[in-house]
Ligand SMILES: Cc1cc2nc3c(=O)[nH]c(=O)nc-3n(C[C@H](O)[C@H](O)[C@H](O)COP(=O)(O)OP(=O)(O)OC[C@H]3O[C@@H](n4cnc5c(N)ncnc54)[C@H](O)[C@@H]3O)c2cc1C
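Okay, so here's just one chain, in structure tokens, the form predicted on its own.
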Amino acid sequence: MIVVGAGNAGMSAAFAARERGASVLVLEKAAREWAGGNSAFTAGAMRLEHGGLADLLDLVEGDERHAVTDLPPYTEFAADLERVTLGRGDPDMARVLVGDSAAALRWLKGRGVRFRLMYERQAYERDGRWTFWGGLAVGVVDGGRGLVDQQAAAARRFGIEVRHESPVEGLVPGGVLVRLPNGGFQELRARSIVLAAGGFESNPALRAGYLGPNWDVAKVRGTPFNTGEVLLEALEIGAAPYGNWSGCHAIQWDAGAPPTGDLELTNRFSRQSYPVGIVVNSRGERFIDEGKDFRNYTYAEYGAEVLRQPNGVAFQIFDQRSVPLLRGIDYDAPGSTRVEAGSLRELGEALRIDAERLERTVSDFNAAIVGGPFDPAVKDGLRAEGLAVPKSNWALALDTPPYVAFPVTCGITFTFGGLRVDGDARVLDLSGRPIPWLFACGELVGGLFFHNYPGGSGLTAGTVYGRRAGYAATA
């Protein structure tokens, strides 16, 4: 079997096929140091249904904080997926994802992937206890880079060959065309091919063509190598397109970050503590409901909202009551773009935005706050009412200087449109029939996510459908 792409989904397919006795060759476009695709640029979070902390103790590594942790059961994965995608996702695909989620993570653990509870990203400490929020608690030890490294080690143990700098630029029945360093091509044949080469988020022309104006100038949160040629090749040979081709996962990203992912900082340009502050554009105006829901259910859509603002930038604003609530692992990362000032006017001037409007925005916001008390671990109802853009929860007044701002832009993670597959990850043609030798998994597959995305679902989907692809490809 040949797997195209060495990210989490592709490696999951390789492990499953090897488990069934197949010989497996993984072809990776990138050099070894860039291996892992977008998986390496995530925080390693993986969403699964579970029965609470006791149900997860066999999956996650021990931690002395477990004794003072409140982690309720999470059985709303399907409902959350349907809610944030506005009911447009494929219900059969969703059932597979949710139904396999817990078993798939435990299966990964059996292949050497280590898991832990993500206290620093998904929990708040109060009164000596840790409370998890937003349905997401489990992540890979050492994040996305840890996932890639642990899977690479497993591949060596299981006798799976991974060839780097081997871009696939053509598909033929039962085979692939690989570009060689001298510019020529080599045809490699196998009984089955699994495509796991990601979407087209790193291709500016395809972004502009499918996502719309200005998407060609968005920053790329992850790998620069997901440029879509394998996806387009599959369409060329008759695979059916599926899903939300004008949609993507895009987050608020440090405005000073490089154009594509950074191998050292990976996910740490992420700016996801906006629910405890406000976000304004260069006119000094708010434009999103920062507290509409837990950040796990809004962050993947708010990057696009930032891109729609003047110059495609915005500014997260906090004061000294909210600064201690920021996720330090990201906001304190080396090179973070941070501006601090003793007054809102000085802050606006330092940011080169409309300082007078910023003062008025904050004044109106503070005066509109009702409800409470403040509790960042639940939807607390502390809200700002009567504004053009309300804030539904966590509406802390900004009144304790010095004030701190973080300039952000749009960081695209992955595209939602892709190939259509069935429950066994077989690629379907335009008539809905399986292409006998072709399978697909990961971000190259469409149909699961529309408009938005519940945090941690992508890596889980990669493993769920990767495992199914590997099993079906060796049947």
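All residue numbers are counted from 1 along the displayed sequence. Because the structure is predicted, anything quoted here is derived from the model rather than measured.
Another form, the form predicted in complex with the ligand, is not on view; read the next lines as being about it.
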query: Contact stretch among 65 to 73, 409 to 417, 424 to 432, 51 to 59 - heavy atom within 4.5 Å of the ligand in the predicted bound form; finding: 409 to 417
query: Touches the ligand in the predicted bound form: Gly222 (any heavy atom, 4.5 Å); finding: yes
query: Contact test in the predicted bound form: Asn267 vs the ligand, heavy atoms, 4.5 Å; finding: yes
query: Exercise: Ala9 in contact with the ligand in the predicted bound form, heavy atom 4.5 Å; finding: yes
query: Ile317: touches the ligand in the predicted bound form, heavy atom cutoff 4.5 angstroms; finding: no
query: Residues within stretch 192 to 219 having a non-hydrogen atom within 4.5 Å of the ligand in the predicted bound form; finding: Ala196, Ala197, Gly198
